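Only one chain is given next, in structure tokens, and it is the form predicted alone.
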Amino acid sequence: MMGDVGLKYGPVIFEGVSPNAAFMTRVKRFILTARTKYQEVQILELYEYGRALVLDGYIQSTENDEFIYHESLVHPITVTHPHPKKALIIGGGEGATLREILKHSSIDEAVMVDIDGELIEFAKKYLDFMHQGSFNDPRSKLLIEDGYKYVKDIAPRKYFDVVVLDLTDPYGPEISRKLYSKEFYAMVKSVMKDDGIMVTQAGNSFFYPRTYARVLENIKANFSIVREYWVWIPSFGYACNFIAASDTLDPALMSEDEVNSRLKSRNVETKFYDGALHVSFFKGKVLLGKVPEE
């Protein structure tokens, strides 16, 4: 929801972070406001965070902190896989997840599936600092279609080494909710190689404990190794949770030196993620809230 809280502050993004709490961010400049077939898209310049992608009133990525989210989403599982070659991304419209996957020199094919082609075009035009030309990389294959349908249509085909689900929150817009279901995770598993590994962003476990627990349960119903981790995202106003899953690979067993060695051997350069952070991710505990969801 956009609002104006007076001349002192000017226009702001006022977004709910829970059923009972909200986060307010000042807007410096409006660059684009449009309605696609699937969602409201805004590209704004924010005072603290620079240029930002906002979908249905919720900040998705900002210029000054998107690397925290995207590096944390992509690299823990991609580094855990010893030889990742084929990657699948569902969502990730701004192209930054694709950018991070392609940093791994071992990747020879990255399929990105996003339902909203109009959003992709806006990202290409206004968010070049996020995708950094990744859409044009010869290893990239961009498909504009429903991610659920894509996975269902190719299943069962054990093809991908790494699967990244870069979706809107499980308690957010309807567009992504079916991609957190037990049935969908079963289909994802069927298109992964036996030594494959996947990750999904899973919203916030403190403010939405029941929804988070349901997503976690759905993943555990399909995979024998399930690891949870989280990282604070300043522009979100909360810690974002991630869940990694596999039947053979365990990111929690990776040492600091092993992570750094694989990053170096694959020529991966990062601003935030490294071996020390990886180890800390999987030593921490996930906090569940006590406030009932509405």
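Small disclaimer: the values here were computed from a predicted structure and weren't measured. Numbering starts at 1 and runs along the sequence shown.
The protein also exists as the form predicted together with S-adenosylmethionine (SAM); that form is not presented, and the subsequent description refers to it.
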Legend entry - Exercise: Gln60 in contact with S-adenosylmethionine (SAM) in the predicted bound form, heavy atom 4.5 Å: yes
Inset, instruction - Spell out, yes or no, whether the shortest heavy atom distance between Gln39 and S-adenosylmethionine (SAM) in the predicted bound form is within 4.5 Å. - result: yes
Inset, instruction - Please run the contact check for Glu100 against S-adenosylmethionine (SAM) in the predicted bound form: heavy atoms, 4.5 angstroms, yes or no? - result: no
Inset, instruction - Look up in the predicted bound form whether Gln201 has a non-hydrogen atom within 4.5 angstroms of S-adenosylmethionine (SAM), and give yes or no. - result: yes
Legend entry - Contact stretch among 101-109, 190-198, 116-124, 152-160 - heavy atom within 4.5 Å of S-adenosylmethionine (SAM) in the predicted bound form: 116-124
Legend entry - Contacting member of Glu183, Glu145, Asp137, Glu217, with respect to S-adenosylmethionine (SAM) in the predicted bound form [4.5 Å, heavy atom]: Glu145
Inset, instruction - Can you work out whether S-adenosylmethionine (SAM) is within 4.5 angstroms of a heavy atom in all three of Pro76, Asn260 and Leu277 in the predicted bound form? - result: no
Inset, instruction - Give, in sequence order, every residue of 26-56 that has a heavy atom within 4.5 Å of S-adenosylmethionine (SAM) in the predicted bound form, or say none if there are no such residues. - result: Gln39, Leu53, Leu55
